[in-house]
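In the block that follows, a single chain appears as structure tokens, in the form predicted on its own.
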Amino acid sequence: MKLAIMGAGAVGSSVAELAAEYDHEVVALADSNSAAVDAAGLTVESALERKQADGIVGDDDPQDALDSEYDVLVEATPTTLDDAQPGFGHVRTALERDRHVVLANKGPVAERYADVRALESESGGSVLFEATVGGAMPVLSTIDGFGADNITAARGVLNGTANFILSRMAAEGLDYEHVLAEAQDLGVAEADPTFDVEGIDAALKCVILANVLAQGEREFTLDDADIEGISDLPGSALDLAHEDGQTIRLIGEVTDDGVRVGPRLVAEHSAVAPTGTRNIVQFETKHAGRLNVSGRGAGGPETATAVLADVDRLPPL
């Protein structure tokens, strides 16, 4: 497949770097201000070296990447809320050209799921978005294989930054501000960690899960989620939990009652108490009990593997 990649951050760059290993060719790579386009195939290394040295990937305009001759548009620009732009516009452009779309950007399927599906229904292209929920973890493909009708609920830990902070607070008896600073020094937390520590990132992932499980019967957006973060959680709460053999994790839940994200007491050594940056999703099924999917929920190469697995699933145009 010929790929046009919108977004040259950690995920977009990793997709570009790994594409050849999956027998795909990158013909366009764009960041917010520039693009490199070559119908014969980009020299990815050169484009990324230029991004590092000059802050641009090439001399073309991002619109040139959207207009290029590709089979699959990989949407890896930063997630935005409300109208989900510019990512949604990129999706629209590709589908109106009867091209496939693979999303790493959560915005279009968390905030405008029905719009995306409507565009897809009128297009010769398809939309896949495994990478939007759980990085490298095969969460959505598990639903697809198992059948959404056979899954009654989902819950789990869906943000590695928050999980790292809570793990360290519990293990070392440290307060939130101390561990946040440590996470930022290690590159685990962003300079502005709001999306992660206030539960927004986990909620977006849960909203996407809810949309997939609803199968078009209802559309969920972030406004439908009940969200509570961890920034006000005192270290003493974790100490008290430990005395009872429990700990606290930021848990996202998708049930018949809706979408909820917040700090919850869980058994200290349970599956939903992973340590560090690991994520887990638990599915409750009608006939097979509880099914766990766990792994690395973020990271450039990790998320890129989910993007490229989606590309491999797409039919030829």
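Throughout, we count residues from 1 along the sequence that is shown. In this text the structure is predicted, and so the values were computed from the model without any measurement.
Keep in mind the form predicted together with a small molecule is missing from the figure; the text below concerns it.
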Review point. So in the predicted complex, does any heavy atom of Gly12 sit within 4.5 Å of the small molecule?
Key: no
Review point. Is Leu81 a contact residue for the small molecule in the predicted complex, using a 4.5 Å heavy atom cut-off?
Key: no
Practice item. Spell out, yes or no, whether the shortest heavy atom distance between Gly160 and the small molecule in the predicted complex is within 4.5 Å. Key: yes
Check your understanding: Contact between Asp201 and the small molecule in the predicted complex at 4.5 Å, heavy atoms?
Key -> yes
Practice item. Work out which of the listed stretches, 238-246, 93-101, 152-160, 168-176, brings a heavy atom within 4.5 angstroms of the small molecule in the predicted complex. Key: 152-160
Exercise for review: Sort through Ile227, Leu119, Val188, Ala136 and report the residue having a heavy atom within 4.5 Å of the small molecule in the predicted complex.
Suggested key: Val188
